[in-house]
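A lone chain, given as structure tokens: the form predicted on its own.
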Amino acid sequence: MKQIDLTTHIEAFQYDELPAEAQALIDFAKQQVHNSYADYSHFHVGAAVRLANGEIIGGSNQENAAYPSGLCAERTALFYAQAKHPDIAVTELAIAAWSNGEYTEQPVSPCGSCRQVMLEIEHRMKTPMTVYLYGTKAVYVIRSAQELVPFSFVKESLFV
């Protein structure tokens, strides 16, 4: 038997410790929560992506009575960014959540489907995507989507 240990590298910051560019991206994600349609869960999520050309694109979760027809904020922003600029890498992604009339204290992590999309974009563009998970008590910074999916399934996995 062989044991495999996996390690995920996450840095925890206070919001005001982050560089101004990171704060601006997080602020954009925070604004996006107010565009969310979350009439069922009442859990509003906003996302903002920064492209390699500097453009920032936002997205918010969009729910639907016919589950699972809705879409997460992260994929809304990422798919729009890739549809608008298919050849420009996503370099950063910020996520913020709003519940019970305020931003969540602890950072909210993307779901498995969003992680897979993040990984695919990162892998396809050959550019790491820094991920900022915002919470009022801490901001987690992950330097690559790969850190969120240690055993990843990518295009090359299909040709084993």
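Predicted model only: the values in this text are computed from it and were never measured. All residue numbers are counted from 1 along the displayed sequence.
There is another form of this protein, the form predicted together with tetrahydrodeoxyuridine, and it is not shown here; the text below is about that form.
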Exercise: C72 in contact with tetrahydrodeoxyuridine in the model of the complex, heavy atom 4.5 Å: yes
Contact flag, S41 vs tetrahydrodeoxyuridine in the model of the complex, heavy atom cut 4.5 Å: yes
Contact test in the model of the complex: C111 vs tetrahydrodeoxyuridine, heavy atoms, 4.5 Å: yes
Contact test in the model of the complex: A29 vs tetrahydrodeoxyuridine, heavy atoms, 4.5 Å: no
Members of 33 to 68 lying within 4.5 angstroms of tetrahydrodeoxyuridine, judged by heavy atom, in the model of the complex: S41, F43, V45, N61, E63
